[in-house]
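What follows is one chain in structure tokens, specifically the form predicted on its own.
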């Protein structure tokens, strides 16, 4: 059975709309390649009680939890304090990380606020940050990463090889302009029922009045089943009088 995962995006700036999250997309794609099934993704505020309860709930339900955000130097970067409390351990200076940050930033500029980035929960193992040195870390099955996309991506790329992998999740997409969900719904349901080991989905898109339609996606770990279901989706479009195109709408 493939391992499972969940994502927790932490930050008031995401919930307010001030910052657009792109981390879920990157993490989800990398997990699919590794054959790790993403069960859910949540966006939560910088609220200690919410962070602690969410982490404890989700880490008990999946194999891997990935968090992003809240490990910087400012007062609202409270993720590490909350993770430590969730695990019942102190959040303390990690000497190796402290020294690396002090060398990178310069002793004269390594103030108390920046020193916060060298704190990780007792028992955690740092995740290397090749962009700006300040580490993420893993404790138990929880992987704590930066919210800045480029830094998060470097951390995740370092993590992925150490995880237990499963069979890669394969995806095939066909789309057609002017296709109608109502027209294909019954036949699409029949395809899903015929290939229960796959996930078949319909996703409308609207680029303009001229360029609108639906994309039909089939995903799964059984390559033969995905290929056969994909062929039936192609045939469905043709049978309904639509011109199918492979790939994502653009």
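Residue numbers count along the first chain shown, from 1. Here the structure is a predicted model, which is why all the values come from computation and not from measurement.
This next part talks about the form predicted together with a further copy of the same chain, which is not shown.
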Name the single residue among 212, 194, 29, 49 that comes within 4.5 Å of a further copy of the same chain in the predicted complex, judging by heavy atoms. 29
Heavy atom within 4.5 Å of a further copy of the same chain in the predicted complex - the one residue of 92, 130, 125, 180 that qualifies: 180
Look up in the predicted complex whether residue 238 has a non-hydrogen atom within 4.5 angstroms of a further copy of the same chain, and give yes or no. no
In the predicted complex, is there a heavy atom of a further copy of the same chain that lies within 4.5 Å of any heavy atom of residue 140, even though the partner is absent here? no
Taking heavy atoms and a 4.5 Å cut-off, does residue 43 contact a further copy of the same chain in the predicted complex? yes
Using 4.5 Å between non-hydrogen atoms, is residue 59 touching a further copy of the same chain in the predicted complex? no
19, 73 and 148 - do all three of these have some heavy atom no more than 4.5 Å from a further copy of the same chain in the predicted complex? yes
